[in-house]
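Before any questions on binding or motion, here is one chain by itself as structure tokens, the form predicted on its own.
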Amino acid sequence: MMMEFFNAVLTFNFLQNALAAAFLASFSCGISGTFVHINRITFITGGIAHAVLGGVGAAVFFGFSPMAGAIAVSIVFAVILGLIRFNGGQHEDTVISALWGCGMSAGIIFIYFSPGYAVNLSNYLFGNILLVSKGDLISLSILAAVVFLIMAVFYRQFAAVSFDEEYARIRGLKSSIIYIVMLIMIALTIVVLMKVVGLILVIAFLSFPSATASIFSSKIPKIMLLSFVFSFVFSLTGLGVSYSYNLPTGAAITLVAGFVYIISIMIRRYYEKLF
């Protein structure tokens, strides 16, 4: 079955575009997913991911680019959730849940009142990497470059805040600002992954590759590299399974990632018992 898929890749442009998009998404995912895993901020990431639909819906309704709407709202929500993280107190989870629900609900309503809303909603919620165009690839390339640039400039600050926030503050780092910049980087990655697995599954795909990578290494650079490799392998395998059995692509990719993660945990525990 996979051989048929690889033969099809050599023939069809839409599959070549899909693989290019998977590569770009995996690159961004390897960087941002590592910090999501280390900081254990899946819930905050989920708030950003689902709120992005509000930006997509508003952009579709007012006739703007859905990608531009997604980028704008993801950055705004990243800043808001970053501020809540440091000032929200005991009600932090409740506020994040409220923003999560309101953002997604607003997006659904905007798309509902837009022509052809059903198709658009399905694509953004569940992803459709097979419909990626050359223009989309350019946008994804720019976003991936921005994610890499942010990581390259702030890598040491991100690492310091991730492992010892109090020590970083004593050293003079403005932890809140660094944390918000990190969330903005993650938000841009979410917009990239939206094209691959959809907004509903983006949290899982941000988490699985980095979590799997952390089983084999505890050093940030190695986790990033392994996470990138795993992300692309998961995407490639999921695409092949989807093509061969006519399954939803985003769901197939995420299931492959989840399956490998569970198997990796089981193998690690087995070897820990032996040694």
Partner chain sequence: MNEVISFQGVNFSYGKNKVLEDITFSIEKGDFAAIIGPNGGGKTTILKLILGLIHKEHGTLKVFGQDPAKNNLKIGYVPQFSVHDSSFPIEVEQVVMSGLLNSFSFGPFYNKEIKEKVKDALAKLGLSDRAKDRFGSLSGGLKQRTLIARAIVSQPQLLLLDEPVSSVDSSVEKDVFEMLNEFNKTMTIVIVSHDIGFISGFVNKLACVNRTLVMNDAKNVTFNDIDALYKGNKVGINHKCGI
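As the structure is a computational prediction, the values presented were derived from the model and not from experiment. Residue numbers count along the first chain shown, from 1.
Note that the form predicted in complex with the partner chain isn't included here; everything after this is about it.
*Asks:* Which one, I220, L236, A58, M67, lies within 4.5 Å of the partner chain in the predicted bound form by heavy atoms?
*Replies:* Of the listed residues, the single hit is I220.
*Asks:* Though the partner chain is not shown, can you say which of S141, N123, S162, S114 has a heavy atom within 4.5 Å of it in the predicted bound form?
*Replies:* That would be S162.
*Asks:* Would I38 count as touching the partner chain in the predicted bound form under a 4.5 Å heavy atom rule?
*Replies:* Looking in the predicted bound form, residue contacts with the partner chain include I38, since a heavy atom lies within 4.5 Å.
*Asks:* Is Y167 close to the partner chain in the predicted bound form, meaning a heavy atom pair under 4.5 Å apart or at it?
*Replies:* Answer yes; at least one heavy atom of Y167 falls within 4.5 Å of the partner chain in the predicted bound form.
*Asks:* Using a 4.5 angstroms cut-off on non-hydrogen atoms, would F154 count as touching the partner chain in the predicted bound form?
*Replies:* Answer yes; at least one heavy atom of F154 falls within 4.5 Å of the partner chain in the predicted bound form.
*Asks:* Can you tell me whether I80 touches the partner chain? I mean in the predicted bound form, with a 4.5 angstroms heavy atom cut-off.
*Replies:* Result no; I80 lies far from the partner chain in the predicted bound form.
*Asks:* The chain here is shown without the partner chain. Which stretch in 43 to 51, 58 to 66, 245 to 253, 212 to 220 comes within 4.5 angstroms of it in the predicted bound form, by heavy atom distance?
*Replies:* Contact-bearing stretch, as computed: 212 to 220.
*Asks:* Under the 4.5 Å heavy atom criterion, name the residues of 171 to 205 that approach the partner chain in the predicted bound form, in sequence order.
*Replies:* R171, G172, L173, in sequence order.
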